[in-house]
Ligand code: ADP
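So this first bit is one chain, no partners, the form predicted alone, shown in structure tokens.
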């Protein structure tokens, strides 16, 4: 069997690319460096011989593992229960995977159960004056869970709050096997609760399962807690979850776009509990930190990027880390597709729609739809489709409202951009959101956050 797989390995990888429509860039980055090593029982051992193996392996395991297993089974006619991918040097010479590989496999399972992404760790977090106190506090919590409780991280969009929170979780999972860790967002927490209430179940099995999920943990991490404002039932449930964990000396970690004292519309009992712990802020990165972030991210690619390109990006993108990374990704992607070296003139051309020191960011309906889709984790194709589920329809109305508020488009023009045949649908959507903003502070807050995202 080993000789069969070894002989057909290149064909297996090509079949994976063709069957699952993997792009050339992704195939070159993640799939081509995979090399078959050995078989042990019903497990296949593969070595990744590419750049940044730690992060790359986690991406492959998350995105391509199931597809790879299927293709191998189709080619060999044998079903393998496990595929183990390791870095070079971690394989044995003859007898298949070393025991350490099994430990890595178990670690990856624990990270998946905790909803954590391995690439978000302390090593990949760039520390500067804007975030040094937050990083020091986060490391203290990671080394001694419960030392600062609750631990509250706040700051603007895209500054690294989620990275820092997940770094705590990754550290704890890697170093405290007995502790159960769970990461979620306030939106996910709310949606789970809403689905339970919608189901109309007569017994308490669903709600008990929900409560057990969030209360039977040692470390609970809730991202973007500001989105529970205005959701009374969610606040009530989270209050009791918070109390249960706090009274049992379990670590609670929370992120938000502002400090606890500024939550004017949050229930007082929750606000005081948030404020009872340690709060640290993450500010906009200064120039030196922006340069360090760009160079660190660039080191994960195969490209030699000149200093003047880094300076151009760092000089012109000052708002957050996410935009810095996005700009670098656009440049490297274009260079890969065009098979060209990265130069300053190329960077200026590729980023001309993002970086324009002489004008404000152009806001159009396309940008609005893309930003709203990203914010609510809904595919753009769904927002532009005829789907009428409640969540998609309401999010589409938010797009209509923002298009009318932030652009010069007419109702009919907005309708065309969103694939609506009747402009009266747009008028209804705009009015609906305007009314909800007046009646519901949570809706108003969400719209304000979106406006800042769309046009900082």
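Predicted, not measured: the structure shown is a model, and the values here were computed from it. Numbering follows the first chain given and starts at 1.
A second form of this protein, the form predicted in complex with this ligand, is not displayed here; the remarks below concern that form.
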Contacting member of 322, 273, 82, 110, with respect to this ligand in the predicted bound form [4.5 Å, heavy atom] | 322
Checked 378, 196, 157, 384 for heavy atoms within 4.5 Å of this ligand in the predicted bound form; positive is 157
Is there any non-hydrogen atom of residue 327 lying within 4.5 Å of this ligand in the predicted bound form?
-> no
4.5 Å heavy atom contact, residue 244 and this ligand in the predicted bound form | no
Interface membership of residue 126, this ligand in the predicted bound form, 4.5 Å heavy atom rule | yes
This ligand contact at residue 250 in the predicted bound form, heavy atom, 4.5 Å | no
Answer range among 231 to 239, 367 to 375, 292 to 300, 210 to 218 for contact with this ligand, defined in the predicted bound form as heavy atoms within 4.5 Å | 292 to 300
Closer or farther: the CA pair residue 62/residue 175 in the predicted bound form, versus this form, with a change of 3 Å or more?
-> farther
Distance flag for residue 218 and residue 62 (Cα, change 3 Å or more) in the predicted bound form: the two residues are farther
